[in-house]
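First, one chain by itself in C-alpha cells, the form predicted on its own.
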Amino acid sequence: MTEIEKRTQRTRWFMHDRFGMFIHWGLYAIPARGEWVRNAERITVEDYQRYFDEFDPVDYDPKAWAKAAKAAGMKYAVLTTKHHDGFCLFDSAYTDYKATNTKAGRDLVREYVDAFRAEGLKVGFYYSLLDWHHPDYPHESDSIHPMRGNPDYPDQGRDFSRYIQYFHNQVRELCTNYGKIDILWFDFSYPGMAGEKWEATKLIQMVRSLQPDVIIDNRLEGSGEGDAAETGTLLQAEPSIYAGDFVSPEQIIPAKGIRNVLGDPVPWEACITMNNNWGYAAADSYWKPAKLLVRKLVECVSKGGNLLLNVGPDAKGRIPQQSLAILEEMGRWMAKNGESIYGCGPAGIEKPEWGWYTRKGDTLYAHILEAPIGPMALVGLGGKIVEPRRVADGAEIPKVVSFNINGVTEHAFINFGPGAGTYPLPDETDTVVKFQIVGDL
C-alpha cells in the first residue's frame, strides 16, 4: 500500500465527519487577552509564573463541553495539551510545569479524553512545537519568542537537542497514556524551525509505531498561512514522511478547495474562531453569528474540507455563554440537515449563485441561501435530478408548472409554493433540498 493509499484509509472517518471542536485553554485564560499574550506583551517567564500559581479551574467540566459539542453536531475535538507558553494540561513526567502541580491538582487531559469518548466523539491532541517556558528553546535569537532580541535572555548555554528530546518524550506520553488517539495537531513551523529541525522523521516514526491510525496535520513543515501556502510537501507527488495527512488553513476557507500538484484532492480542515481570538479574551465581543458559521461549514464541505470551530474556555473552565449559544443554534440546524454534511463532499458542478451544492453518492443537496423571485433555476440540471425533498422535514417539493418556464428544458426548477409565486425560504439560515441524480451531472 502506498503512503497516499494509507493516508486515504486513515482519513476516511475524518472526511465523513466534517465538523469538529477546537479547544484552546491554558494559563492564558487568566490574563484573558488571547493565547499569544506572552509574545505580544513580552512577558518574562518569571512574571508569567503568577498565572501558574493562580490557575484553579473550579468549574472545569469536560462532560459539559462534550455534550455541547455533540449537540452542535460535532463529531470530534482537539484540545491544546500544551500551547506555546509550555504549560501542560496533562501529567507529564518530564516537567513540573503542568496542571497537576497547580491548584487544579489533576490531569485535565485525562478528564477531557474520558468525557469526549463517553459521548462517542473522536479525540484529538494539539501539541505546540514551540515552548516559551523551556530553558533550552532559543530565546534572544528566535523570531517569535517573548524574549526575542532581549540580551538579558541570551541563547548561550541553551541546548536545543535537549528540547527536542523533551518534546519527543512528551509526544510519546500523549501517544501512550490515553488509549487510541484520533488526531495529533502539531503547531507550528516557521523559518528556521521546520521539518528536520524538529527531527520530524524520527518523531513520526515513533508516533506511527504507537498510534498507526492517528491522523496528523501538516504543520511539522508549515503553518496555517495563506490559501494553501506553507503546506510543505503534502501537495507534492511524493510527500515526506512527516508531511501529514491533511492541510490546515487558519482563519480562511480556500477559494476552490485544495489539490496537489497532480490535481488530486487533498484532505483539509479550516480552523476558525468564533470571535477573533483562540484563547479566552474578555474584551473580544465580536461573535460570528451561527447563521454565518453554518454557511461556512457548508462552504467547507462543498469544497471537500472540514470545519474545526474553536471555543476558548475562561480561567474557571467555562465555555463562554456566547459560544454555547452559537453551538446550540448550529446544533438545531444540524439536527435537521446533518445528512447534507456528514459523508458529503463536492458536487462536481459549478457553484450556483444562490448558495452551494454538496453531494453524497447519487444524492445532490442544494443549500439555498438566497430566495428567488418566482421559480428557482437549478442551472444545467434539467432532466438530471428527480424526487426533490426538503431535508429538514422530508416534505416533497411539487413539480413547478408555470407559464414563465415553458419550453425551458436545460434547467430544473423548484419553488416553495404553487406556480410562479415568490415565497420566503423555509429556513433563512440554509434551506436544504435533496435530489436523486439521474445519469451523469
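In this text, residue numbers run from 1 along the sequence as written. Just so we're clear, the structure is a prediction, and the values are computed from it rather than from any experiment.
Although it is not shown, the form predicted together with a small molecule is what the next lines describe.
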Contact label in the model of the complex: residue 24 to the small molecule, heavy atom within 4.5 Å: yes
Contact test in the model of the complex: residue 126 vs the small molecule, heavy atoms, 4.5 Å: yes
Touches the small molecule in the model of the complex: residue 185 (any heavy atom, 4.5 Å): yes
Any non-hydrogen atom of residue 278 within 4.5 angstroms of the small molecule in the model of the complex: yes
Options 67 to 75, 106 to 114, 187 to 195, 345 to 353; stretch whose heavy atom lies within 4.5 Å of the small molecule in the model of the complex: 187 to 195
Candidate from 250, 299, 173, 119 lying within 4.5 Å of the small molecule in the model of the complex - any heavy atom: 250
Contact assignment for the small molecule in the model of the complex, among 99, 243, 271, 326, heavy atom within 4.5 Å: 271
